[in-house]
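Given next, in structure tokens, is a single chain: the form predicted alone.
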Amino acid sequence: MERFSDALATGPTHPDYTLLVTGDRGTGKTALLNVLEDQAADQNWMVITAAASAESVSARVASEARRCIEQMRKGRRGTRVSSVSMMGVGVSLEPDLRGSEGAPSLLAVLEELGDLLADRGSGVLLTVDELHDVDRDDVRNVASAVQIVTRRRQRPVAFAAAALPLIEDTHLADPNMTFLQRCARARLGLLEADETRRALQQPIIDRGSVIKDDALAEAAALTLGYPYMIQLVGFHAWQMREDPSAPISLINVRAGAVVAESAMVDQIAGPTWNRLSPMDRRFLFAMLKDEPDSSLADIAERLERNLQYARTYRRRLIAAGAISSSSKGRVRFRHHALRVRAETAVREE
């Protein structure tokens, strides 16, 4: 947040003026994008946001940018422009000066909008969530336009996007994605133990209540520093009290954790599982025999494959947010919810 605020104040020469936020599901990527949008709006910038859908982001952002230009010409200024849909349709790599049906291209409208805002001492922030799910040609088109407008022509058009770590092996592995490769990184992960306790305790204190020491210790242990799990356990433990004025107890935390774990299986483990290939899933099935972690050599033996083969799938699954390395040659499920999802799949088969 501090880096990006400084970037907006400095201008396009700042390294963080174009930023890529990466992290597993539930680590706070979208929440961080929202904060960055608020920072821009607080500085009287325009904000165009994007989220996954079935429409070309290039066409939609160009349309919203044109609307911004029209607003400015008519003397109206809004900051948060709209929620722009994205994902899907492929477009050309190099943006030309005209878009479909003779409309100005994304490059042309961003240049015009940037010029107008520069004259007023302001700018526009483009944010894109779930960038990993956007069609690669569409990403190239957006990246090319922003690179020309921001980096080469120094217009006040800032860019921030969020993606799962697997983008490193997909879009960022494309040699034509040099702009994205040069974006500054903000990598979100698990919280440290003291951060976890503070994240659980401080909102409770802010609302005029308390959590007992044993309850706080167990809540922190149950969440394993996973941001979304922290949010869920804290919320449901709060809700479990029969007396809203009573401190949050160990019983409240344990009851809240049951609800939180179920939500994690559905909302975090489910989408992760659905993206995995059959062999990815076989790798996870092979891990179910061990607790808390598995030897890569044992997994290779269970899969009837060599160690190099297992290493390849370890890298794939780490990028997908399914597992993590616990020590040299050993891996574990990134979160217990994914182990539960794998166990459910075994029973269903």
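Note that residue numbering begins at 1 and tracks the sequence as displayed. Remember, predicted model here, so these are calculated numbers, not experimental data.
Not on display, but discussed next: the form predicted in complex with a small molecule.
Candidate stretches 26-34, 319-327, 299-307, 284-292, one within 4.5 Å of the small molecule in the predicted bound form by heavy atom: Selected range: 26-34.
Triplet 164, 227 and 231 all within 4.5 Å of the small molecule in the predicted bound form via a heavy atom: So, yes: the whole triplet contacts the small molecule.
Answer option from 218, 130, 168, 138, heavy atom within 4.5 Å of the small molecule in the predicted bound form: In short, 130.
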